[in-house]
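Form predicted on its own, single chain, as structure tokens, below.
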């Protein structure tokens, strides 16, 4: 009878084990020094304990996984995955609506597909959380969303349905619309809409309800940004475009996140003074168009200067339509960024930038059990991801 019970247990899906113990040669917690010969206990989707094998006793009813290296689940700071699909056909490309250059009312939650095969692909490379949504190429392309990459519906995977407002300043806009055609026109059009939103916000606060304007989805989204409820995610790569983004943020008191930032290494002092946050382009992006002067040492240079960097996968027009931040961070390390800072750039740094560091980004007691198990150095090309755990469920497993 016991033999039959054991066989049935082995045949059960791994994800059904609610109580998991991980024994690893090295645990990179990110929040503190690496733990050698460490143990992590997981229960009810959360990290119950983390420490050395000498400190933590594994209960008998826990399913044990062995690993050489364990890191927090990786966080992609900026992507269009789930909006831009792998098939690269019109039916699965919802990341950019080209009917108008300014559409802040477009919600990512209405278009994100958690079952898109690219979501599964990046999950198997250790990406457990993604900040995705409307892409580059419009002055205001729409809203962004923060999701877990686990299986489920949009309602079960979403962390924040409206995280930021995606904007673009630069040649990417002019290539999609007849107007604006120049940088000056781009900034003029954005400023015009923000001034309208300021007026809308003032009128909506009138104590006399009869004097309030009709509710406007477009103005409401811009108003949230003006009030600081959401951040302004502005893709700007050339130095002149980065400075335009900084000026806009000063004029309208925006919480600025500079995305792409290909020439940020030329404006280190200006960026520091502006207090803008930075999501840096994929390290292996191509040097063309607005990114012609991209520098693969930027992550190292900005970090050395005291600017916190998060590395993104961004957007690619060609199949397979996405990059993998694990490889992009590894490339940044190859170009001078330290191992620790490289890991932070795809874990705790984006977690803080996205305002979710109370849940993810490091391995600490009480946080979501989002973990990646590796059979070697995470940034070595020959290393493989052996398991990915999201909210305490093993979403991917392969024999070490």
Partner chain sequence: MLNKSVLFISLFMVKTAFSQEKPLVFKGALIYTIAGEPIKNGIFTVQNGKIINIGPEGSAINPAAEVIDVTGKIIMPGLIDTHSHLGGPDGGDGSNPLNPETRAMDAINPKSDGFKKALAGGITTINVMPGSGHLMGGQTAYLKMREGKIIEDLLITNEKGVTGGMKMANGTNPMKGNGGFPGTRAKSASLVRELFLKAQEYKIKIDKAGKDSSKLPERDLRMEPLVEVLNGKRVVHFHSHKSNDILTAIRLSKEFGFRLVLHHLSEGWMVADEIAKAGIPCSIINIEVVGGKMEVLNLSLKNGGILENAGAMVAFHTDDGITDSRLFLRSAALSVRAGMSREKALEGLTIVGAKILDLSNSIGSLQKGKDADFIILSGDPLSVYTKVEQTWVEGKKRYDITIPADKAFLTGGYGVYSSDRGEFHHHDGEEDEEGN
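Numbering follows the first chain given and starts at 1. Quantities reported herein were computed from a predicted structural model and do not represent experimental measurements.
What comes next is about the form predicted together with the partner chain, which does not appear here.
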Is residue 287 part of the interface with the partner chain in the predicted complex - any heavy atom within 4.5 Å? yes
Residue 94 within 4.5 Å of the partner chain in the predicted complex, heavy atoms: no
Contact with the partner chain in the predicted complex for residue 293, defined as at least one heavy atom pair within 4.5 Å: yes or no? yes
Given that the partner is absent here, does residue 199 sit within 4.5 Å of the partner chain in the predicted complex, heavy atoms only? no
Check for me whether the partner chain, as it appears in the predicted complex, comes within 4.5 angstroms of all of 228, 242 and 270 - heavy atoms only. no
Among the candidate stretches 203-211, 149-157, 216-224, 311-319, which one is within 4.5 Å of the partner chain in the predicted complex when only heavy atoms are counted? 311-319
Only one of 109, 194, 102, 266 gets a heavy atom within 4.5 Å of the partner chain in the predicted complex. Which one? 266
Restricting to 321-353, the residues within 4.5 Å of the partner chain in the predicted complex through any heavy atom are 321, 322, 324, 326, 327, 330, 331, 333, 334, 335, 339
